[in-house]
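This document starts with one chain, in the form predicted on its own, laid out as structure tokens.
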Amino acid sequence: MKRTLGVCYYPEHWPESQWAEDAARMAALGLTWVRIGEFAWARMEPTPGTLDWAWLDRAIETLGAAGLKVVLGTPTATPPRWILAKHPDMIAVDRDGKPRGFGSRRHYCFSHRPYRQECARIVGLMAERYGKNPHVAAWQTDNEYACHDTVLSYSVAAQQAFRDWLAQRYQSPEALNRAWGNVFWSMDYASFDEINLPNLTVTEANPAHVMAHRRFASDEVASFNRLQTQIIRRHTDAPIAHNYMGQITDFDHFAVGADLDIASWDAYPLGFLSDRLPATAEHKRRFVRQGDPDFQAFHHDLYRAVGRGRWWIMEQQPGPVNWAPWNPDPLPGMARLWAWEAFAHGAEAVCYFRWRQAPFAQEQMHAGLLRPDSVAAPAFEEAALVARELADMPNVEPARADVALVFDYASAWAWETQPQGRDFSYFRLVFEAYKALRRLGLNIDILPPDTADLSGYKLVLAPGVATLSAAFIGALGSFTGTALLGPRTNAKTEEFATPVPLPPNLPGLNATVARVESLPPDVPVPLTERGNFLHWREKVETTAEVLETTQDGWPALIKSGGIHYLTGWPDDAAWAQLLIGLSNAQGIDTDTLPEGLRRRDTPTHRFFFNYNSVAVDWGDATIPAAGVYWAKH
């Protein structure tokens, strides 16, 4: 498949006299896609029932006449002020009971049914009008579900929808009481109407109640998205995408992805490094203008799985952003590197955000490919270079990896609900495993937690999965490679109880987690061979083969057949020792890379990406700072 570039554009922000010139410059730059419309509801329908499509008709025609393809976004992330006046109770409410008001975006509650009807109406009108338009070649639903902590709402609408969800799941209050263990602290309910949302409790709410609320909230996002995709599909065969974000686990992206054709995500490497990534101050200083060497790749692989092979970057950072604690300028070359790394991981398109920097409102400090005065910003020429390289480069296809890593959104909710240690983070645990694999030069496929077939992989990692699915347990039973699970695997039932037999209860592995401990970061548990356990350690009783122990005598790594169980959270040295051994035993070649240099293999080429601010010599090549190097196998 031919890989392409695109950009995000807001014709409603600019004089119509400027549109044709913009479109011509986009086409001359080598862009293919232009995303529009996702924030323009107030221009489409300025007052209730008064529809103005003429400007959007002309914008789409102008872009199409220049040879560009349009991604049309549904505008439901920014309902106009008149909708709030019509439905004042549609506002989301935070966990402290405070309403989240008008004046920015995402000011709606997923559970508000009349707002959903408004969404269905505007999406239906858009799909009827543009579904067969030859220039509208793809669609995007809404924008960045979960942005600004908006999945969990504690509104009246959410409470009623939660009660309905509970009634369908449990059928009777008695069954719910048994499932949640409500005999504890006299928390029994006589009616579903007595059950409130799990906020404003004196101390922590019942974790089963919290976990049920997390599942419900995720289902609400999925059904909200499904409402839109079903309407759009009645009028077009064009593919439908949604733009997810980095390190967001508030809802199950696999569940939303089941109703999409393409998974896309919004990649802001410098913003994420500054704002979200758990890393040392030294690491953040080293990569302050480049981004973490593995964070983007992790999400590329994740969304390739969510999209069942089809994925894009819908928003790629081109310069400083406006929303992080600090917003440095990217090192020259990074806009090119980020795009090529995405293509090497199988992206169909990389779309820069945005075409022109806005001179007004909240994002006026967010850089684009053009400055506010329409002069080219530094990333403009880097995008042009990528476009020229794509024209000369054979199609870049992803390769099936030898190594797979399971990612489970429900496990993130589980360990947020009951972390047991202040710094226990499911995302961080999985991401550190991913980073350790990448430092060894390995390709990784990410798998959903209900994967039923592991054949074709040599090494599969599933750290920290709170509740293993029956499908995955079945897959483990027939897997002929090496599986590495733990710590904290299979430690809860789906209703958030401790299971008996005790964890990990894995096929053929005679092992029982007798005790667990969470530890402050300055209290490591040294291993016998190399490295330490940090944050979390389990004391396991077992008759299985012990491959590694802690220095105080407890099993650290055990195995039975191909199933291995890790009893703690490894540091970098321990991860390296462990993964080199398991990989080599499976005939997987490892290549320990210099800090900041990463490798990606495709069926035809080997790519290297240098995230360092200085050149790196590797093999016969010198890869410049922020450089990309590739060669045929």
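The shown structure was predicted, so the numbers you read here are calculated from the model rather than taken from an experiment. In this text, residue numbers run from 1 along the sequence as written.
Keep in mind that the form predicted together with a small molecule is missing from the display, and what follows is about it.
Checklist entry - Any idea which of 137 to 145, 303 to 311, 185 to 193, 450 to 458 reaches within 4.5 Å of the small molecule in the model of the complex, heavy atoms considered? => result Stretch 137 to 145 is the one.
Checklist entry - Quick one: of Asp89, Asp423, Glu363, Glu128, which gets a non-hydrogen atom within 4.5 angstroms of the small molecule in the model of the complex? => result That would be Glu363.
Checklist entry - Considering Tyr108, Tyr352, Tyr268, Trp340, which brings a non-hydrogen atom within 4.5 Å of the small molecule in the model of the complex? => result Of the listed residues, the single hit is Tyr268.
Next on the checklist: Residue-level contact is defined here as any heavy atom of the residue lying within 4.5 Å of the small molecule in the model of the complex; does Gln290 satisfy this criterion?
Outcome noted: Looking in the model of the complex, residue contacts with the small molecule do not include Gln290, since no heavy atom lies within 4.5 Å.
Checklist entry - Can any non-hydrogen atom of Asn243 be found within 4.5 angstroms of the small molecule in the model of the complex? => result Asn243: contacts the small molecule in the model of the complex.
Next on the checklist: Taking the small molecule as it sits in the model of the complex, is Trp323 in contact with it (heavy atom to heavy atom, 4.5 Å or less)?
Outcome noted: Contact check for Trp323: yes, within 4.5 Å of the small molecule in the model of the complex.
Checklist entry - Does the 4.5 Å heavy atom contact test between Trp53 and the small molecule in the model of the complex come out positive? => result No, Trp53 sits far enough from the small molecule in the model of the complex that none of its heavy atoms falls within 4.5 Å.
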